[in-house]
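A lone chain, given as structure tokens: the form predicted alone.
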């Protein structure tokens, strides 16, 4: 338990990411308004992107491109490109998800005249 606390004190950004993630989950579950649910989803996705960016940061690293033929390569000197590629992919997915979700919410509002989840469920009964 002491090691976990020590790690969290050294990297407070992980605490912030967890708080953002939980806050987004709370917004999605607690509010009946569909637009507020989308805002909560956006906060959750943004916290995951921030986590990937912070997790992939490496001090003193360079790009993983070898300009000469060397037999021994020290991997500690290079940044891992995979988290950066995942971050770009997550941003594209986030934008696409938000766009499609807003289009669906707009269609729901045109059909039911409300964005409140409870009112829409009442009309469906």
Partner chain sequence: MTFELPLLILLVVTAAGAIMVKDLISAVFILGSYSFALALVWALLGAVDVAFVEAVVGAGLATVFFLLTLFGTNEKDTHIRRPPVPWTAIVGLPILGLLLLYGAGDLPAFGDANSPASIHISPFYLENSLEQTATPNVVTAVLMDYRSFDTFIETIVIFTAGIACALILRKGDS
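This is a predicted model, so every value here is computed, not measured. Numbering follows the first chain given and starts at 1.
There is another form of the same protein, the form predicted in complex with its partner chain; it is not shown, and what comes next is about it.
The shortest heavy atom separation between residue 124 and its partner chain in the model of the complex exceeds 4.5 Å. In the model of the complex, at least one heavy atom of residue 109 sits within 4.5 Å of a heavy atom of its partner chain. In the model of the complex, the residues of 21-39 lying within 4.5 Å of its partner chain by at least one heavy atom are, in order, 21, 22, 23, 25, 26, 27, 29, 30, 31, 32, 33, 35, 36, 38, 39.
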